[in-house]
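Okay, here we've got a single chain as structure tokens, the form predicted on its own, with questions on binding and movement later.
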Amino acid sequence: MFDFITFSWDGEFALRILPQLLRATLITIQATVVGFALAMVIGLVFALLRRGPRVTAWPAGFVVEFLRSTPLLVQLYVLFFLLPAYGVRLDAFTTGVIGLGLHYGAYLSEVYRAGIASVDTGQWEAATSLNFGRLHVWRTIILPQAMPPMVPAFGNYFIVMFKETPLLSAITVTELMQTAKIIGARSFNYVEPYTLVGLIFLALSYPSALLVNRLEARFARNR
């Protein structure tokens, strides 16, 4: 004989807490957008350093592999709880954004490297023969050709980062998941807030995934 757990749904309570969850969603979106912008910059820096001489390539490679091989949650704990012991104190949101930027910057560096490697070597040779400056070559020749194939991968990582923002609740960022936890702890009703959180993530992530799929198909046709 099996015992089934009955879940009750309070529609009035769900409607009452929905505005609070939507406000928290804005914080989640802000953390994702700012964190991803930082990750794109960090990823490009790492990618360029790894293409440089050994004195920069080896340390950059070690940092990238370290960040990719350790959990994001551990990195957030180190930034938020350990750094203050050494005099570095940041608020929870800033710490979370930096953690997201560093972690995903390591992944995006590999996307940059693959995109740069896809540029035909003849482009480099032509730029060298024309005596173009290095910065000019990167800005006007290499990166404009390397970026389009990277866009779908960037989109995928953006969605993954968005879905990992609940980890920021571990360092007290009052994003969507942390808000749901607070509501549940105060009301002892967890079904409604957690279900709404799942639906909000689905409503934002699924259309984004469809857009990324369309971008992938478009770039595949243009190759």
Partner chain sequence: MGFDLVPILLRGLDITVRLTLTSAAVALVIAMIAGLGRLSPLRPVRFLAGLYVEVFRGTSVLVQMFWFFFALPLFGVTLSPFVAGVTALSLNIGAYGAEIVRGSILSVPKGQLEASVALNMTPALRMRRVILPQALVLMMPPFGNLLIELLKATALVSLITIPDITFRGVTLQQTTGRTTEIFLWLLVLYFAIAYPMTLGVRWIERRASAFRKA
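Because the structure is predicted, anything quoted here is derived from the model rather than measured. Numbering follows the first chain given and starts at 1.
Just so you know, the form predicted together with its partner chain exists too; it's not on screen, but the next bit is about it.
- In the model of the complex, Leu130 stays away from its partner chain, with no heavy atom inside 4.5 Å.
- Using a 4.5 angstroms limit between non-hydrogen atoms, Val74 touches its partner chain in the model of the complex.
- Among heavy atoms of Tyr206, some come within 4.5 Å of its partner chain in the model of the complex.
- In the model of the complex, its partner chain stays beyond 4.5 Å of every heavy atom belonging to Arg51.
- Checking Ile27, Leu38, Ala60, Ala170 against its partner chain in the model of the complex, a heavy atom within 4.5 Å turns up for just one residue: Ala170.
- The stretch from 92-100, 74-82, 116-124, 130-138 that comes within 4.5 Å of its partner chain in the model of the complex, counting heavy atoms only, is 74-82.
- Residues Tyr190, Val191, Tyr194, Thr195, Val197, Gly198, Phe201, Leu202, Ser205, Tyr206 are the ones in 190-210 with at least one heavy atom within 4.5 Å of its partner chain in the model of the complex, listed in sequence order.
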